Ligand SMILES: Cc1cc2nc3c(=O)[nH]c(=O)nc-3n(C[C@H](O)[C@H](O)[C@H](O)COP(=O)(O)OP(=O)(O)OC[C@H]3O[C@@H](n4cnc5c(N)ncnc54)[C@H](O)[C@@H]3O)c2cc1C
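The chain that follows stands alone, in the form predicted on its own, written as structure tokens.
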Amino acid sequence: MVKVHSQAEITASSPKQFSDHLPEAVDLVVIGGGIVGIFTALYANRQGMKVLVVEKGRIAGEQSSRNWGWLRQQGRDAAELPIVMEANRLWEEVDLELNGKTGFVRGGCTYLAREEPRLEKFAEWIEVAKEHQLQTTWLSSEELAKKIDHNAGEGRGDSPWVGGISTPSDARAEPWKAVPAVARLVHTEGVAILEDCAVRSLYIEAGRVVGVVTEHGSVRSEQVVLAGGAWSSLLLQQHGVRLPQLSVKGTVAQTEVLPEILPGMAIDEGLAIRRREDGGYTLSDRNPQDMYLGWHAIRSMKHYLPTLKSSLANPRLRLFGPLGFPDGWIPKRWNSDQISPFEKTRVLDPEPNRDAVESLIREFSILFPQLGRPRILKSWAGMIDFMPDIVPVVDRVSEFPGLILATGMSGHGFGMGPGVGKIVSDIALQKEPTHNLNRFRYSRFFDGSKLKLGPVV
């Protein structure tokens, strides 16, 4: 059964859209109703699998609706780029199927540099773009002045930026609309979807995953995909599977309707902006702000030291995670007949960082003084499933045959989602992947490999 309601911010109080009956058995169970889980279900179902999606709260209730709305290819890790280029095409295809209901628009993505060192880093990525035949062009300070309607203000010179790069084929979509719209498409094609249905544990027999145990009963399945975002590592801990994935809070703000200064997205050393379908802008910080420390975070910290020491990402460490956060001080284990942490926090809805919002307003006002101080209609935060090397895990877990991980998207999930979903559906069908997945293997954290940090904008 599906109920369609008007699109708005998705929270635990949002009406349920999907409440199918729990089947006894399926070919594939997908844990998590976010971008990766829904697209996995779409492509697996279209290849003949009987699929069930189980979501502890609301479809796209967490980071899949709280992200920036960027569908960018520009600046991706070299191993991610072929996947995200395919995802870019798949996004357009599904938007056409949905008659534009995802808000897909090709407005381009522009990286801006206020200082020469950042501009020099762009040169390295231009070579990656050339290798994959992605059209990315250099822009001088003068060309940027024509591309982006800005006024640098008194004392700032003709432009605050010394140069940049731009990829015209990059796109944007509306997070509050996109994944729920795709989920409704998936549902009409025969996929069973249950909201308010937490998976308490994996169903394991003879060392093999043969299904899941939910709060409403068990479902047998020889293939289970874990696409639980920030909650993935907590479920794995229940079975002694280590995954050094943490969650980092990012704050986002929505402005009032403003004149168009650019049709797509742009980011410099401090501010990220995206034109919205409603005529406003989504503002966000270049880097997530807050990483909360719990027992799992402390245990995994050795994997994160290179990232924290680098200039690529610099989250602020917070000693105590709020009650109910997946990296907080919550039980390590529970029985499958007990209420789990997933039921206690149906939708992870962290408070936005108010200082960060004020900083976003200030940066926007400095760069675009002709628009004045923007009025903020709404601000929110989301917990990003973050990996030590800033690239996802897309792989089977050899210790538990039948289990497939698709998590740790590290803030890239919205753009990569369709591509990752297609790959995961192929893995579930025992097909040879169409992309090289060595970079995303689960074992890289434990086989002595030196981690290579992926690029951060």
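As the structure is a prediction and not an experimental result, all values here were calculated from the model. Start at 1 with the first residue shown and count on from there.
Form predicted in complex with the ligand: not shown, discussed below.
Checked against the ligand in the predicted bound form, the candidates 191, 383, 83, 225 yield a single residue with a heavy atom inside 4.5 Å, and that residue is 383.
Listed residues 346, 276, 187, 101 were compared with the ligand in the predicted bound form; 346 is the one with a heavy atom within 4.5 Å. Heavy atoms within 4.5 Å of the ligand in the predicted bound form are found in exactly one of 105 to 113, 127 to 135, 245 to 253, 292 to 300, that being 245 to 253. For the chain shown alone, residue 31 is a contact residue for the ligand in the predicted bound form, at least one non-hydrogen atom being within 4.5 angstroms. Using a 4.5 angstroms threshold between heavy atoms, residue 54 counts as touching the ligand in the predicted bound form. Using a 4.5 angstroms threshold between heavy atoms, residue 197 counts as touching the ligand in the predicted bound form.
Among heavy atoms of residue 41, none comes within 4.5 Å of the ligand in the predicted bound form.
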